[in-house]
Each structure stands twice: as C-alpha cells, then as structure tokens.
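In the block that follows, a single chain appears as structure tokens, in the form predicted alone.
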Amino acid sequence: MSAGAPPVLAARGVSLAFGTPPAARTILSDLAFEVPEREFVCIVGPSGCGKTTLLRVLAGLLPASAGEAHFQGRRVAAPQPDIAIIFQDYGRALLPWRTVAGNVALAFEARGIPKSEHAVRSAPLLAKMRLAEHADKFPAELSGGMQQRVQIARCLAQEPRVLLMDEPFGALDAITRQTLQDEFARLCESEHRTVLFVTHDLEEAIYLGDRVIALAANPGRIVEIIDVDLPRPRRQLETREDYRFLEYRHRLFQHLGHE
C-alpha cells in the first residue's frame, strides 16, 4: 500500500446540506482528503458526523452541495462500476432466495459475463473467503460472519478499483470480527486493494488503516488525519500492545472521547 501514489479517490472541499436556507442542516463541511491507490484509509467519528453520508457522496449516490468527489481524476456524478460498497447490514445486502454462489454471481451478471463462466470465476473468490464448502447454501443457513464474507466476495467479483466499507464488521461478535479483520487485511495486502473503511471503533481503525481520518460532528468535518506507522502483517495481540498503537488511540480518543 504505497503512500505517495497518485490518488484514485479524493474529496475536494465536499460539503453537504439538507433542506433550504435558513432551515438547511449542514451534514458535511469542506472535507478534503485523498486516497492513493493501494492505501487502506479508515474514517472514524461520533454518531451523526456524516461518515455514511460521505461514503454515499464518494460513491456517486448523493450529490455534494459544494465541492466534488473525484475518482481517477474525474468528478463522480453517478455510481461507478469501479467503486463497490460493502454495508454493515449484510443480511439485507444478500438475496435470501439465492445461494452463496448465486449471490456472488450477481456481480458477474451485472458485468455481462456469460453464465457458463460464473462457476469458474467464483471458485477462487469463494476459496479466498473460506466459502467454498458453502456455495450451495442460502444466507439464512449461514452465520453473520459468513454472510459478510459472501457480501465481500460479491464485491470482489465486481473487480472494483476501490472498496467503500460502511462499518462492515460492526454487528459481529468480537472473535468473528477479529478473524475477519485479519482475513480482509491479508486479502487487501495480497491483492493491492484500495479501501476507504468507516468504523466507530478506534482500535479497529488503527489496526487496519494506513491512515485514519477523524471527523467531528455538527457539522461533519476533519479534525485530524493520522499516519499509522505500524508494521504489517499486524497481529491482534502484539500490534494492539505496541506503544505506538496506544499513542494513536490516545490521540484519537481526545477527539472522540465518547468511544
């Protein structure tokens, strides 16, 4: 994940308000940052600071009131096939009447890939996400962690340049969450993925991120961007006990002490 590379995703003075003056409510105010290719950037902030709203602007799902979202140097005005979103609510993100393989195949269908190629293309993705033995199961037969793996596999089948992730592990139990953190970090490292990852968990942000962007609320604005100088691969015990990890947490806690 190479810092200093040209940005693949950027917020250029992004502001967003709902309503009309004088009753307009400002959600985001003048957000500016860049995400270079292959970098893993985390966004933290209190509830109501606009983290999810920011992802929707960057994905082209919401227009900014001022400023622009850029993807590969161009303004984002609509959803992009090279930008995939992974949601926290994995249960609603999956089609319950489709099997694991069928849910992953949705991405192939959207890309116009012939049905005859779906099984061959999905096999390595299911193997990477440890779902190969569950390809014929339906979402209701899977645990929460496995359902989230399916959603990640489906997004990877889209072959996006950027993954936008909205608290994807927030609803999982602690052990499953840590397991998925490690699996996903290894996957991003090996496949050189570019990720913008929203979380309310300060430790998760530090553990996963190359950088952490801290937002304040009312309106949502950047209060600090921290470069995370921790070696990879990271390990749940050793990394979290590193004095630098604790220093980063203390810095973020000053902004987000409610966490």
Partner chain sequence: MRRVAIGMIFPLAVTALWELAAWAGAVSGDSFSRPVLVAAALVAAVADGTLLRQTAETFVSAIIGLAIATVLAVAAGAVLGLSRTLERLTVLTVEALRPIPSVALIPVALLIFGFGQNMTGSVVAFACFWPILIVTISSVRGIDPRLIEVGRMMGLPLAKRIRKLALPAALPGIMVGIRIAAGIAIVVAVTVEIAANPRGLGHGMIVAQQSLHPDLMWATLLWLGLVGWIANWGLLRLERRWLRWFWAQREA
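Bear in mind the structure is a predicted one, so any value in this text is a computation, not a measurement. Residue numbers count along the first chain shown, from 1.
Just so it is clear, the following notes concern the form predicted in complex with the partner chain, a form of the same protein that is not shown.
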query: Three-residue site Pro7, Phe71 and Arg74 fully in contact with the partner chain in the predicted bound form at 4.5 Å by heavy atom; finding: no
query: is_contact(Gln158, the partner chain) in the predicted bound form, heavy atom dist at most 4.5 Å; finding: yes
query: 4.5 Å heavy atom contact, Ala93 and the partner chain in the predicted bound form; finding: yes
query: Contact flag, Arg149 vs the partner chain in the predicted bound form, heavy atom cut 4.5 Å; finding: no
query: Partner proximity in the predicted bound form: Pro124 to the partner chain, non-hydrogen atom cutoff 4.5 Å; finding: no
query: In the predicted bound form, the one of Ala119, Ala110, Leu187, Ile175 near the partner chain [non-hydrogen atom within 4.5 angstroms]; finding: Ala110
query: In the predicted bound form, segment of 212 to 220, 56 to 64, 194 to 202, 26 to 34 with a heavy atom within 4.5 Å of the partner chain; finding: 56 to 64
